[in-house]
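Same chain, two versions here, written out as structure tokens and called structure 1 and structure 2.
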Structure 1
């Protein structure tokens, strides 16, 4: 069964774009097309374990999906018009796949969509990436990506599904190129899993890039992207060692670089240069790749030219990742101190807060400066943040290679001892735990406690909670002050001024924000809670304190202490699904059972499942994450704003 599942997953990664593209052209609805493709995938998981994997699994999936499309159209008024077309497609199932994929790409990148929606939808439909993989590529959350995809499908309803022509091609090309390169990067440096690379994704991105070059032969940036991907792909065999571990560029065996791909890259680069015009971001990155490819040995690399190219690239594309790469180039060209200064400037960038390559780069530069103790902490922190197993192991080895760890008290050990005290109640323990986990992630749990300074802590606070509400800031500040006093380092919280907490009324959500909220894809628990808070206008804590046995479903009300909580049809529709046959215990349950160290009172545990009552803090966090895309400030709304919006 495991092998079959892996086969299905591999086929899906390679063929999902063809499936969805072909079905979109037929049913004229990208959301329906994806559902049909997913139905075929489920059928494969059900049937292949017993019948065996077919000789041509992609054709099997397409045929199954199209038959389900026929079933769907038979139930609609479009049957007569589409039936003959589908019959022809069944006879010739794979003769137009290139056009289908290109049509799907340009549809996903349609101007009616916001940029982040275009990228997320194309990665999902064309690249076959999961929401978690896309989230990692964008340094955002999985829930936010799912919301973008759902909103994009809703927006695309009724949009013509045709290949753009003339000037429209250039208008949509930039976001298409960005998506293709992200697919390539996901294949070249997998963000999760055990393997460093996913060759199938690299090949898919190269195939799409070459197709785009045929579609837009006079666009220099298209050829620049193709050149960049060809040259980077040429190093694939040399990027990993015998055990799958990463091999850094300057340590790679250049004899293992693929000369054919390098020649293709040079050819594409020449084509881009022949077209003339100021170089764009992809042409500049391709020029950097050419510099590496032309060097016979690592020592021959022209780092000064590469640094100059990165200077130009930063002016065009000042993203945190490009700035981090520039720090590496400057470090090679002008010494590690210069590179470290540039890398340190990025410590305050929130986009890189949990990005493992920032501490990894700092570790390299610190090691070159002979600051091994600091480098060891940075490599260990990078390993903590890395999602890819091969990269994580590699980073831990880098930390160990810098020498034995002196027996000193570390931040991670001190935080664990502090939280293990028996005089903290469950709520305080959770609150302190959140604060100290962020400190350990930002500063490294191997960081010697004695090296920690108040400025370090203040820097973490500014990045993590700089724009948080005063109450949140003060809560984390209290945690640090308590920890500092316990550890004999009270000065750690000296730079954290207490913020004045406003008691002004928080404005409720507007009508359009509420309308969009009800379309957010979220678990039934969250959707029920949001509806109930809005319809009842009751406080968050009374609603979270409800038990199943308190409910009077017929009268649409529940007893909460001395008062009644009532609701309307929206909540009434969701409650049966949330209850799922439960007859007692907390109405809103946490995701899992509490651990031995965090036991809850019996009244807060489900007697059937052992799961605890959903906490206010967790419910608030989930709501903020779910509504970030709806909040113009990007912070997400509070549950208090939801119930106070009743009648808006």
Structure 2
């Protein structure tokens, strides 16, 4: 029995993409296709122990799934003649089309889905991983993965399954490549947990990449990505030392690099190059990886060429991480001072605020320049920020290698002492704690208090709270001033101006922003909420407090407490879809049921599904996320702005 179970698992792993891909084409619904495939799998588990594993297990599964598809369509009578057509196709033994799996990948990486949904769905549908396996790989719960997958399938239910054409191909393909590389990176540099690598994820990503290279052989970037992953994977064995600590590229034992994977990487790179055209980001990154792989020793590395490649990459992909890597390359090619100058530019980038590699890189460059005391502080700061245990230990060792600790008062110590006073009430303590934690994170808690300047503090404030509300800024400012006075360094807060706390109205959205907003792909709940806020004069709270039974659809109005909320055609069009037959309970529902620990009043729960009422905070967060791309400042808008845009 166990043997059959394992054989079934193995067949599933090898065939699930073909199976689900083929079924998706037939039933035109990826969620249904997966259910049918799973049903067939269950049937295999029931029948194979007694009947034996069939000669062609994949074909058996496909036939079984198709039979069920016909039954299903007959039962639901959704498409009258569809099942006849299917019945005809059933006669053909095996009809997986070349594009089936590609179509499936495009679907599971569809831009309407959130990134973590794309990852989960791709691993599930194309990789054949179970929810439990995905949860293990991403250190989350099985339930959460299952929810993500269910939500993703629901979103995809209305999405056409056709392959994109023309210009859309490149765009959609880059989403697929992004997801594959994300999976690879999650495995290659595990962002959390005790291990540095999760090889299973790397291998899965490589498999997906190799598969994609066969499905879309004419896309240079696909081969670039495969080359990049093969070469990075070739170093896996050399990346960790005996104690599990990370070994940096230039210190790795190159004899442990896997020559087979390097050769495969070079081959993929040649395929990319043969296709011609200007190199894209993956091809450039692969070219950099090739440079490293070609050097017989670390000293042979052609850093000048790598620096040039990074210059090109930064133009295509000016992300903070790429800029940081470029600083490393320039540091090697043109000396640590040049590298440090580039790394220092990144200090003001809020995306890297809590990223441990920035202080780690600066520590390296400072140590090379002989500025050991500063380097030491940087490594210690990097260790505080690192989320991975192996990496943290390594960084602390690096800090310790740079000479003995002078017995000085450190920022971390002082902050702890300051907060340990017993004359502060709880809320002040919490507020001060926030400010000082941020200072310690940004400046390093081993930083000697003596060396701290007002400019350092001002710098942290600009990055952390530069665009925060005046009130927030002033709150943190007074915390720092209080700390400075206590520590006998009152000048620390000198660079911080008090900000005027005005009550000015937030400008509403401009017309063109509004018209672009209506084209944003978002779930129907969001689209309805936005429309309703825009079309009604009501505030966010009254709108979120609406219940289904309050609605008067015919009159396009609803009672919210003592007043009426009214709407126009945009909302009216969306409402039936949002309601989906519900007759009672909150109009806008949260994505899930509230946990047992946080029960809510019955009026805030949907009597049918048990889901809670959508909160202001959540709605605001989602709106901000959705409108990032529309906001020239890149921060996203607030719901109040939407509402106040009405008169504009």
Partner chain sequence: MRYLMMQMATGQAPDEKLFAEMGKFIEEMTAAGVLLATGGLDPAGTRVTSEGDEITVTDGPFTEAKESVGGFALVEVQSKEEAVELARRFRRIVGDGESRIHQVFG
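Residue numbers count along the first chain shown, from 1. The term rigid core refers to the maximal set of C-alpha atoms that superpose within 1.5 Å between the two forms. Here the structure is a predicted model, which is why all the values come from computation and not from measurement.
Since only one of the two is the form predicted in complex with the partner chain, can you say which one?
Structure 2, not 1.
When the two forms are laid on each other by their rigid core, does residue 226 show a Cα shift of 2 Å or more between the two structures?
After core superposition, the displacement of the residue 226 C-alpha between the two structures stays below 2 Å, so no.
Please state whether residue 347 has a C-alpha shift of 2 Å or more between the two structures, with the rigid core used for the fit.
For residue 347, whose C-alpha is compared between the two structures after core superposition, the shift is less than 2 Å.
After a rigid core superposition, would you say the CA of residue 539 moves by 2 angstroms or more between the two structures, or not?
Yes.
Please give the CA displacement of residue 105 between the two structures, in Å, after core superposition.
That residue's C-alpha sits 3.0 Å away in the other form.
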